[in-house]
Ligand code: GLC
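Before any questions on how it binds or moves, here is one chain, the form predicted alone, in structure tokens.
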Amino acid sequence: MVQEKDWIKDLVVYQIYPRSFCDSNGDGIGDLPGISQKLDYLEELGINALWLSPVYRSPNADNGYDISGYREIMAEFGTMEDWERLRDGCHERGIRLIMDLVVNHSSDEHPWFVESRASKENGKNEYYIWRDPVMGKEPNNWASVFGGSAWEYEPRRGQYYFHYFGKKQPDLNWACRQLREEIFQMMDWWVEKGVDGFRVDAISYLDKPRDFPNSPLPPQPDGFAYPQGLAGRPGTHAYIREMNRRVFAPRNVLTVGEVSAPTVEELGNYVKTGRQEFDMAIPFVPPMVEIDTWSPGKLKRDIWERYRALKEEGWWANFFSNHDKPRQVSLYGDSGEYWEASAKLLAMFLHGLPGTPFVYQGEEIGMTNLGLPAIEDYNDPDTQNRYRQLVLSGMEPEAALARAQLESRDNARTPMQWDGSPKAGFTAGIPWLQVNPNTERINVEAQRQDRYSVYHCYQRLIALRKKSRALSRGDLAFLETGSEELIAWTRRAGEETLLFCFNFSRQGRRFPENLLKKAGEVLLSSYDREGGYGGANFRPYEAVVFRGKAGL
């Protein structure tokens, strides 16, 4: 089936975590005017779509992913006028503005919930999920993502409300038609204001079983068990299709769903064109799972499986980084001796794949993880819960902290490193989260002046995508290398062929020479600082993009 929105194939999306991007007023918190000040930077990089993590009114129990006012701007970030100036600045530069939207749950401070919790007889009674106690306790044994029970008691109603995430994030009841109508009207309102698309958070959990059975899964150390089969229920897909019919399709907006999809078949249920749900999906994999299971071979197999599943009907969102993951160069590459080469390899790898590439702020300069010295230093509730569960399971506190440091979402949330000063050029005040000390050597200012920097690698990749049909729309074919750590593929469209070769290893590896015989002009190299491609003996984390010769 033909993709209805062909223009999405030309996008390079840049995600901004507003709290950590650029502070314009010295309060230590990034804001909307700060983002507007950096739009020329994004344009210079080649970005043509901006994904803005939530900026709505919120008490910040989960850094904006707990919304208390869907049509208002968080005061820390600025005003609606500041948002409108950002919108206009984006559109003047040909940058589409994508808003992050959370509609699985709201904040417990949202007026809907304030009214709903007040009594059983009110106009918002069914906007949330309420259940009576069972034998004086929670309705079932379900665990919250952030630890403890997924139920919180409300004495004014004598009932429990359900919250799959934090207790200040009660789940919305999508079975309520009146609630759905309010959400669709709110989304329409934002499109009328000039939003070009939505990234919809935690969208796999909209439909809940009415009987809420106990989970048969093993309990967490605190005694509660994660629910089984909650993600991707048929009712959830029905609600998404209704959302598409009411808002997305008539407005021709870009849509990206953050989904829980353990199989490629389930991923396809969200993005296959004929199902009329999302244009693209970002699968969420818990960092602990990714850290424990990742390998170059698995990465290659996963890419090929997704490619075959969606080649005829669907499209891919390609990403290594976002606000929920450790920094990619620390997770998949080498943040030490081979930092620069591995950061460039990851860039070439991601941008060489079919689909729309997503760049998370700081990725384009190779920002790395930062292990904070104590669990109390972490802002992220998920990190604190992970540490608590590990200690409850019997792990020594020092080991539990080391594991939490590795997995923490705060790794991606340290302030953007604009220059080499102690506050990284992020703020004139006290940063809300500690700046990574390596800003002295890893920062935008230095890399813009260095033609061999990670930044310029990204800039050249994005420029290549814009002029190469093979890169933006070409077919993918993996080539046999004889090693899981050596990965090669071609991208082909018409008469144009590009060859991508990667050594995903800290050791030198020899590429098969017969594979390289059809390699023509070198377009990009992760060792450009050292003179670029030097032959079949690939250095640690060496990556090369070639113009393919005829017959490749």
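All residue numbers are counted from 1 along the displayed sequence. This structure is a prediction, so every number in the text was calculated from the model and none was measured.
There is another form of the same protein, the form predicted in complex with this ligand; it is not shown, and what comes next is about it.
Colleague: Using a 4.5 Å heavy atom cut-off, which stretch among 336-344, 445-453, 102-110, 152-160 contacts this ligand in the predicted bound form?
Modeller: Result for this chain: 102-110.
Colleague: Between the options Arg180, Arg96, Lys168, His323, which residue brings a heavy atom to within 4.5 Å of this ligand in the predicted bound form?
Modeller: Comparing distances to this ligand in the predicted bound form, the residue within 4.5 Å is His323.
Colleague: Which of these residues, Tyr332, Phe212, Tyr387, Phe284, gets a heavy atom within 4.5 Å of this ligand in the predicted bound form?
Modeller: Checking each option against this ligand in the predicted bound form, the one that comes within 4.5 Å is Phe284.
Colleague: Decide whether Phe426 counts as a contact residue for this ligand in the predicted bound form under a heavy atom distance cut-off of 4.5 Å.
Modeller: No, no contact at 4.5 Å.
Colleague: Is Tyr65 close enough to this ligand in the predicted bound form to count, meaning some heavy atom within 4.5 Å?
Modeller: Yes, contact at 4.5 Å.
Colleague: Since only the chain is shown here, I'm wondering whether Glu266 would be in contact with this ligand in the predicted bound form (any heavy atom pair within 4.5 Å).
Modeller: Contact with this ligand, no.
Colleague: Could you confirm whether Glu258 comes within 4.5 Å of this ligand in the predicted bound form, counting heavy atoms only?
Modeller: Taking the distances in the predicted bound form, the answer for Glu258 is yes, it comes within 4.5 Å of this ligand.
Colleague: Are all three residues Lys5, Glu242 and Arg245 in contact with this ligand in the predicted bound form, where contact means a non-hydrogen atom within 4.5 Å?
Modeller: Checking in the predicted bound form: none of Lys5, Glu242 and Arg245 is within 4.5 Å of this ligand.
Colleague: May I ask you to list the residues of 195-231 that have any heavy atom within 4.5 angstroms of this ligand in the predicted bound form, in sequence order?
Modeller: Contacts from 195-231: Arg199, Asp201, Ala202.
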